[in-house]
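Quick heads-up: it's one chain on its own, the form predicted on its own, in structure tokens.
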Amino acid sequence: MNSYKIALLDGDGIGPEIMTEAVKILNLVAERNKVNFELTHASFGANAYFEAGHPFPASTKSICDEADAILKGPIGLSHEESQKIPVDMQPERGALLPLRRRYNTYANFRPVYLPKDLAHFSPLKPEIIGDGIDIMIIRELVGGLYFGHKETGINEDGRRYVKETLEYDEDQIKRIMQVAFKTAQKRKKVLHNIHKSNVLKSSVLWNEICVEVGQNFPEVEVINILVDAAATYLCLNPRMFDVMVMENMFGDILSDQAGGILGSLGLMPSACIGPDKAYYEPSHGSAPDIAGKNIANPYSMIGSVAMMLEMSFNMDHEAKNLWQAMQSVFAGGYSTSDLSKPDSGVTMVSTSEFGDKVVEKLAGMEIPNQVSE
């Protein structure tokens, strides 16, 4: 029997609630596939700071180091509560970026998927959605402005200043481009390269490396597009995109916008892949305003489990089953109140009820013949 260690970082706000639903799925997948998932919860984020004095405690680092994969919940508290934490210890700076740096999770996959029968979630017109939206955003995750040198102080004129450096080298760009081209090769063989080379020298180098890597993928058509134009077309014609690749900050902004065209970041899971380890997480925040109300939809967390099954454990068939199970719950007319309005014609269920329905659907599906070693 295959055995895998999974670190569960519950996070803040709604994190523990949606993590509970992910555990239900993992337990069922283990039973169905005769594998063993050794699940270990660990403190991470704002609550970890208040409990242990650090948002990414040493005990959590040890658990993550030993894990085969990491499943992370959303982190962060309200603005008022966050002010109680020193700036450098706030969850994003003190936990999330160090997590990415520790495991060099340079490749971020964010699927933007909305089939036609779920178009009612989107604020876009039906004619724009057409037969559905299916985009894979690939974001470089450990370079650029977020990881560059940061400096604050008082200048010679006595004025406060801040300086942050956007830096990439050719190896960093090359490796994310290789991921993007390989992904495009497996899909529609079209890659949109998102850049800002009319202003940023970093984008000039980015584009040069894109051309160089692309020589090894002659079947993939590369379409270069400025980031601001890409933002416009995500709203006006999202179906023109299949695979999009971009640097760190562009990816942060455009993937959140993509969540908006779906109707909610609650419909966007993600995978953060490094050379030796990966972590999986919902793309949305911790939603402290609805925490503890049992109304947050666990789709993005369960979808992150599906990505983990495929990308870390080679359980492709079961991952597809899980995606289908989640979609069938929506297609059956069920939703949660954070995603749908009372007059939307769907049956409202709680976080736990939605998870139970996914479990029920998955349990009724064909069990894979084998699990890859």
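Nothing here was measured: the structure is a model prediction, and the numbers come from that model. The first residue of the sequence shown is number 1, and the count goes up from there.
The protein also exists as the form predicted together with ligand IPM; that form is not presented, and the subsequent description refers to it.
Ligand IPM is not drawn, but in the predicted complex it has no heavy atom within 4.5 Å of Y106. Looking at D134, you'd find every heavy atom of it more than 4.5 angstroms from ligand IPM in the predicted complex. With a 4.5 Å cutoff on heavy atoms, A184 does not count as touching ligand IPM in the predicted complex; it lies far away.
A residue is said to contact a partner when one of its heavy atoms sits within 4.5 Å of a partner heavy atom; E247 fails this definition for ligand IPM in the predicted complex, lying far away. Contact here is defined as any heavy atom lying within 4.5 Å of ligand IPM in the predicted complex, and by that definition each of E92, R100 and E281 is a contact residue.
With the partner omitted from this view, the residue of F217, Y113, F121, Y146 that lies near ligand IPM in the predicted complex is Y146 [heavy atom within 4.5 Å].
Between ligand IPM and the residues I138, L267, L77, L96, the one pair within 4.5 Å by heavy atoms in the predicted complex involves L96. Heavy atoms within 4.5 Å of ligand IPM in the predicted complex belong, among the stretches 138-146, 233-241, 287-295, 206-214, to residues of 138-146. Applying a 4.5 Å heavy atom cutoff to ligand IPM in the predicted complex picks out D252 as the lone residue from 252-267.
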